[in-house]
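Listed next as structure tokens is one chain, alone, in the form predicted alone.
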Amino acid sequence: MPATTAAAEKLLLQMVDDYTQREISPYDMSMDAAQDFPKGFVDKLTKTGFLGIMLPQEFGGAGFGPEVTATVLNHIARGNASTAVTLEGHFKTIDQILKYGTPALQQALLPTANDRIFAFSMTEASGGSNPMGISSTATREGDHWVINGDKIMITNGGLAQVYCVLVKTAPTELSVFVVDQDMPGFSFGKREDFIGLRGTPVGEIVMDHIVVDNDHLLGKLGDGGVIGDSAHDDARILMGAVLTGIMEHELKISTDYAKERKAGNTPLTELQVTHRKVADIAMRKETTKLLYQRAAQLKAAGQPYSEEAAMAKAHGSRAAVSAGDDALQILAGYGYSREYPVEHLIRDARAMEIAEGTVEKMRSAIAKAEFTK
């Protein structure tokens, strides 16, 4: 992948900021209220070329690396976290096809990733944090595979057209296949009614005797656990970036409000209690930023980054909820009102204490990594 220039990166971020301010931020509150993106929103986002930011140029993408990709999501999340999370789900899935897809699969699918949304699916009613608990299967029949099962709680479920799905290819063997919404036997199920990130669709797909060839297998048979972990690691870097954006949003709301309000005759900006809360939000934001940037740097350099990605996600999700609580307290009654975005930012951040591995699971992974050093 050719290295992008600093000038190209600067131009991209300026484009992202302009587009976010014009086409994303104004819909932040209405997305949460409607529990959906506005009509035509995704089509307009697609036409910007943002779906192909991290896609290699040989497939028609812009070829930006992990650091720039994460920064783009950080900037978009300042305006609306749901939009950034939809792109996060798309980018992590492309990453797995780049790492594990056959050349034939890459040539067939990746050029379409510039204008079609991709998704990665592991969770089922019978298995979430325990992948071996899933019941979806892929059974070999001659030269093909037949896939059956039901996947739930998919980021971009119902919106994406291409899905990487974790299935069992033997009783104790996990593998990942790629399926397309146009394949016979593919259908969409219900959409979840989650309390946060309400713009991003999270839904179900049903696979009823979907037939695919060997090229639709990612990696080798039995690589499902490794590929799933890889998808989690890539997602957690991007989630750290999104969470930083949420905290930047919370910080701006807090400082803007404090500059305009008084407690009696004293401006809020002169009160030590306000200073403490604003400083804590700022420190949490900067710490999370450093964590996700470090993980992205390691990924770009081809070095292990699993632990750092887990840190960015685990620390960032808890920090963003706490930052939102401080912001709500600064705004007092207005912070508790749905007329201000603070309450939905807390709900948005809270989702990321669960998605892509719970905070508890992240802490266990971090501790185990430290024990091996």
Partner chain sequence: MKIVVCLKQVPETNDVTIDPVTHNLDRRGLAGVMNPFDKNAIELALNLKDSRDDVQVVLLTMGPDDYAESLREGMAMGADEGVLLSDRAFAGADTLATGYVLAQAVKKIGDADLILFGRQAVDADTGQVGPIVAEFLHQPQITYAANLRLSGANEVTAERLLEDTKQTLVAQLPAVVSVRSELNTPRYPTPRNIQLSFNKPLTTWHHDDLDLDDSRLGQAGSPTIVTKVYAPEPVKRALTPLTGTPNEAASQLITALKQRQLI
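Positions refer to the first chain, counted from 1. If you're wondering where the values come from, they're calculated on a predicted model, not measured in any experiment.
Not pictured, yet referred to below: the form predicted together with the partner chain.
Among Q329, T48, S30, S337, which has at least one heavy atom within 4.5 Å of the partner chain in the predicted complex?
Looking at Q329, T48, S30, S337 one by one, just T48 meets the 4.5 Å heavy-atom criterion.
Please pick, from G60, P38, P26, P304, the one residue with any non-hydrogen atom lying within 4.5 angstroms of the partner chain in the predicted complex.
Partner contact (heavy atom, 4.5 Å) among the options: G60.
Is every one of F120, M183 and F186 in contact with the partner chain in the predicted complex, taking contact as a heavy atom within 4.5 Å?
None of them does, since no heavy atom lies within 4.5 Å of the partner.
Mind telling me which stretch in 344-352, 329-337, 312-320, 51-59 gets its heavy atoms within 4.5 Å of the partner chain in the predicted complex?
Of the stretches listed, the one contacting the partner is 51-59.
The partner chain contact in the predicted complex: A369, any heavy atom under 4.5 Å:
Close contact is absent here: in the predicted complex, A369 is far from the partner chain, nothing within 4.5 Å, heavy atoms only.
Contact flag, Q14 vs the partner chain in the predicted complex, heavy atom cut 4.5 Å
Yes, Q14 sits close enough to the partner chain in the predicted complex that at least one of its heavy atoms falls within 4.5 Å.
Partner contacts for 4-26, taking the partner chain in the predicted complex and a 4.5 Å heavy atom cut-off:
Read in sequence order, the residues that approach the partner chain (within 4.5 Å, in the predicted complex) are T4, A7, A8, K10, L11, L12, Q14, M15, D18, Y19, R22, E23.
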